[in-house]
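In the block that follows, a single chain appears as structure tokens, in the form predicted on its own.
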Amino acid sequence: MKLSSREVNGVVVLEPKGNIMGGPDATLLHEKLHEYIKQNKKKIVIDLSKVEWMNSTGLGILISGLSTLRNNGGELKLANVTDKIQSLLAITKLVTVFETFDSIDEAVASFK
């Protein structure tokens, strides 16, 4: 997995690319989130449009990120969720846990 980031209207947009399968991916995302929390940037959107596949460990990484941000007064939202990942979220009932949006703009606008 490769991970790039940018800011849109004060919201950090993380853009993973490839497969999210755990191992180094978990460490990379976890470290990035902690960097942003230290900088008091606690509004995060993860753009999943370029993620080809995610396994259960990948879902765990997202859940961990959500928990980390919420525990620090922040919020994590998902944008551009692909059909594959949407079905994974539905099967695991995580659709009720994550706020998902069809575009980055919608996700960014959802922050108050």
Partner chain sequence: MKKPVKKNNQIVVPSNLDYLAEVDKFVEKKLKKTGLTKSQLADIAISVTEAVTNAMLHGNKKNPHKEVTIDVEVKPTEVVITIQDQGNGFDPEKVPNPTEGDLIKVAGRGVFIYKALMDKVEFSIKPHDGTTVKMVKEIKPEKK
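Residue numbers count along the first chain shown, from 1. Please read all numbers here as calculations on a predicted model, not as lab measurements.
Another form exists, predicted in complex with its partner chain; not displayed. Remarks below refer to it.
- Using a 4.5 Å cutoff between non-hydrogen atoms, residue 59 counts as a contact of its partner chain in the predicted complex.
- Heavy atoms of residue 84 reach within 4.5 Å of its partner chain in the predicted complex, making it an interface residue.
- Heavy atoms of residue 9 never reach within 4.5 Å of its partner chain in the predicted complex, leaving it off the interface.
- When contacts are judged by a 4.5 Å heavy atom cut-off, residue 64 counts as touching its partner chain in the predicted complex.
- For the three marked residues, 52, 88 and 91, a heavy atom of each sits within 4.5 Å of its partner chain in the predicted complex.
- Along 1-33, a non-hydrogen atom within 4.5 Å of its partner chain in the predicted complex is carried by 21, 22, 23, 24, in order along the sequence.
- Relative to the displayed conformation, the Cα-Cα distance from residue 25 to residue 65 grows by 3 Å or more in the predicted complex.
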